[in-house]
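Shown below, as structure tokens, is a lone chain in the form predicted on its own; questions about how it binds or moves come after it.
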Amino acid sequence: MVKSNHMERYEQFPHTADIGVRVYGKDMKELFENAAFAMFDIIADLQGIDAPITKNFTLDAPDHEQLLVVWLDELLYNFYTKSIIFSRFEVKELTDGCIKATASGRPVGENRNRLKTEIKAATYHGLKIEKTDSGYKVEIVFDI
């Protein structure tokens, strides 16, 4: 379980063949930030890693669930094609169909020893964003 500012960011749950995470956020923006953090925390050891590279993202999808998968898969695409381990995420704007966000990270080359688990994609399996008493939560299954 990983916590941020007294609120749990995410926790892993058992899944037969892939990796499942339950992500929390006090609002929808934080939910998307914590989902990205969870994915990269599984991919690499983020402890103490600095983030000199920042990339801007503007993505569209029909609803929040699809937008979350598009966001995570775009970050994965950048991880695999541009070799950046992202560790910091800021959602600047989030509507029903659009996210504008930044992700900051460090080149993989200098940090290859930090890599832990290969994630192929975020999936739609059981994906449903839910409103809770303390904010939002979502369960995401990552294809490994």
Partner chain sequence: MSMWQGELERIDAFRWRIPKGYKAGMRVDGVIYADEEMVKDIRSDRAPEQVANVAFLPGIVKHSLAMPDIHWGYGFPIGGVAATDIDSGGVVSPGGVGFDINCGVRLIKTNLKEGDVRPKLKDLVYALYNDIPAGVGSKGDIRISGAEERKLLVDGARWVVDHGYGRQEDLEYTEDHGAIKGADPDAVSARAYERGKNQSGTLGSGNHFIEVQAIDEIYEKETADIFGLEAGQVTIMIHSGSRGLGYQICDEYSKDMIQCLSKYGINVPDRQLASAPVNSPEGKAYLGAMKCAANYAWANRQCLMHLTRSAFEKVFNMGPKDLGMDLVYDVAHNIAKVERHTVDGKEKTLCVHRKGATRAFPPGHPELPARYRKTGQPVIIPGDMGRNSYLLTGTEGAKETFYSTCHGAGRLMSRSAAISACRGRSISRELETKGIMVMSSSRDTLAEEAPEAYKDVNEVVGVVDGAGISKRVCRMRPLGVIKG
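For clarity, every value in this text was computed on a predicted model and none was experimentally measured. Positions refer to the first chain, counted from 1.
Another form exists, predicted in complex with its partner chain; not displayed. Remarks below refer to it.
Although the partner is absent from this view, K131 stays clear of its partner chain in the model of the complex, with no non-hydrogen atom inside 4.5 angstroms. Contact annotation: K92 falls outside 4.5 Å of its partner chain in the model of the complex, judged by heavy atom distances. Heavy atoms of T81 reach within 4.5 Å of its partner chain in the model of the complex, making it an interface residue. At a distance threshold of 4.5 angstroms between non-hydrogen atoms, R22 is out of contact with its partner chain in the model of the complex. The stretch among 96-104, 46-54, 113-121, 23-31 whose residues place heavy atoms within 4.5 Å of its partner chain in the model of the complex is 113-121. Although its partner chain is not shown here, in the model of the complex the stretch 54-69 places heavy atoms of P62, D63, E65, Q66, V69 within 4.5 Å of it, in sequence order.
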